[in-house]
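Read the single chain below, which is given as structure tokens and is the form predicted on its own.
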Amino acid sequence: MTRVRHRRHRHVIAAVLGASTCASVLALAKPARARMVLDEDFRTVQPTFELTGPALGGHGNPTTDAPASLAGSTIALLDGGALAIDGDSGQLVRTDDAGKVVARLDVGRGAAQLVYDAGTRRAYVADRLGDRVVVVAVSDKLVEQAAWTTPVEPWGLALAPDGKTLLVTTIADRMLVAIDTAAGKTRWDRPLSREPRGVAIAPDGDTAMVAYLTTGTVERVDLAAAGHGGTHVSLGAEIAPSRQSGVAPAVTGFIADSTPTRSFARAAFAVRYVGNGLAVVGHQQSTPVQIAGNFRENAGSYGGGFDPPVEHRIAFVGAPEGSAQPTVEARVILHQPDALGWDPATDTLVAVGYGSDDLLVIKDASQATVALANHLSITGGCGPDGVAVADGTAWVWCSLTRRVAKVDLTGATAVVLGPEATKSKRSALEQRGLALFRGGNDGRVSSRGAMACTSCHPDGRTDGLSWRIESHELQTPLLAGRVAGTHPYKWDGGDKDLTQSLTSTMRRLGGSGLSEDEVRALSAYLESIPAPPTPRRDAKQVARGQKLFEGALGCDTCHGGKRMTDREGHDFHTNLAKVDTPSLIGVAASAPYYHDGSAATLDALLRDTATVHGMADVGDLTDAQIADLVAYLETR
């Protein structure tokens, strides 16, 4: 039994020197000026639940017959228990009401989401690394009935209200696929933007919504129309007042509060409809360049400013009204709100913080009266990445401990943690490193614990942004598959090994630092992250591209070998004296390109339209040759 901890939002007055590093504080602090006391807990800075505008919900009863299978998760409810998929071990487990495993089935390591059809007692599971959806008969045993091939890297699932069509998002091939659940055949498919994740279907079955990690949008897909066209809806895209809170314009060398900076929505894993035409999306809001105008920059921070450059949000996306697509957001205390559950019978939304092991209980989720009902925590390093809600209880899949947690949403009783359901396939060191990688609210990693490693590297990948770091704007590099054997690190090659690189990163983030053992664990996890699956491309086109890469252009001079890097620095007459040669492993998943992110696509890079020049003589390449090279690079 683990007690529920209630958290109450405490008001805080931000200090003049906000989120700067210890070294920055010593360098910039001046005596005699009135200073305000800084509460170092980021949770006191981020509101528990605060709408940024009027609620979009209606005033009538929500849809009460919406099955949970309209959106995927890592956990689903059964009579007398739950069904959960563990991506670590790759096992699908059925548990009883106490969380004890009564049946299990091997699906495939890295498996992503599941949906459960109560009518047919079948589960559909996305085997992410196996490029298939596994169909499972659910009874006292779990029996694989079929496996349907998908485009590369299936992740998100949603089952139509009639159970006849399963929607699947695939990451590497960037496709939305509709599968006939009776025949196991593809009805239709359509392209998606890069890094798609969750998908949800509206209760009326006419519309779907797809979430993305790096586009700053969700995509509304018209399921009822021929062609199944889509419209991207912006999340949190805003030119907002500078977030240098507590800094008076009169203070010499600092930016005025009214100076605009740009923030971007990122890391949208989960999406779910909650009735009345509303979809709900959890995401992160990032401000990679906090400075503007002529003022003293905090060169020892991410963003160049003095406040935490990230906050976490839940967006409420309304149905289109003519050409308008209204959106209102709530700033939330959760760190990484990566999973959502909704109980239509009570119109209760539950959002869980993957990085903070807590839950927000939101009442009247589809109504104009939407409001916070409770804020609860699960102790023990849960790492919640899935939630299902019914009858006043949330069932949570703890991905780090591989347990089911049952949470009384009123907070009146204890959280019940089931026994360990599966065995981790990670080493103990890697497992400890993952806990550090995802953990928010950790002052050892960042100032006030505002940022975690996953803040810039969701899913071990990249947020697609260029951050202001030490007076340069530098692109967030891909981590998956690129860490082991690619030293030195950082864009300037200034960190000789991973220990030095992690230490300097936490210094930039304003963290107090990890112990040697913790750095060793984090390093082990980073080196264990597999390379992203590569999209399918025409083999002949890939071969032609490889011939150009290794022949006429000589790209393999610097990008050769197993790791596709010479591990050397080169002078391209840019804002860095030398630029370390990045590995090209997983390059399809690492846009934008160059150290400053100045090439939005591989096509732009090969057409020499970015800020870096002189890598190769690409001026005489034809359109067909550029297409061949892109195809080759995308398969690395």
Ligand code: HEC
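Predicted model only: the values in this text are computed from it and were never measured. From 1 onward, residues are counted along the sequence shown.
The form predicted in complex with the ligand exists for this protein as well; it is not shown, and the discussion that follows is about that form.
K.L.:
All three of 124, 131 and 354 touching the ligand in the predicted bound form at 4.5 Å, heavy atom to heavy atom?
P.N.:
No, the candidate spot makes no contact with the ligand.
K.L.:
Please check if residue 626 has a heavy atom lying within 4.5 Å of any heavy atom of the ligand in the predicted bound form.
P.N.:
Residue 626: no, not in contact with the ligand in the predicted bound form.
K.L.:
Would you please decide whether residue 501 lies within 4.5 angstroms of the ligand in the predicted bound form, comparing each non-hydrogen atom pair?
P.N.:
Judged by the heavy-atom cut-off of 4.5 Å, residue 501 is in contact with the ligand in the predicted bound form.
K.L.:
Considering only heavy atoms, tell me if residue 490 and the ligand come within 4.5 Å of each other in the predicted bound form.
P.N.:
Residue 490: yes, in contact with the ligand in the predicted bound form.
K.L.:
Taking any heavy atom pair closer than or equal to 4.5 Å as contact, tell me whether residue 73 reaches the ligand in the predicted bound form.
P.N.:
Output for residue 73 is no: heavy atoms all beyond 4.5 Å of the ligand.
K.L.:
Where does the ligand sit in the predicted bound form: which of 377-385, 312-320, 506-514, 174-182, heavy atoms within 4.5 Å?
P.N.:
After filtering at 4.5 Å, what remains is 506-514.
K.L.:
Quick one: of 83, 522, 278, 210, which gets a non-hydrogen atom within 4.5 angstroms of the ligand in the predicted bound form?
P.N.:
Checked against the cut-off, the match is 522.
K.L.:
Find the only residue in 135, 202, 480, 474 having a heavy atom within 4.5 Å of the ligand in the predicted bound form.
P.N.:
By the 4.5 Å heavy-atom cutoff, the listed residue in contact is 474.
K.L.:
Could you run down 552-568 and flag each residue that has a heavy atom within 4.5 Å of the ligand in the predicted bound form?
P.N.:
553, 554, 555, 557, 558, 559 sit within 4.5 Å of the partner.
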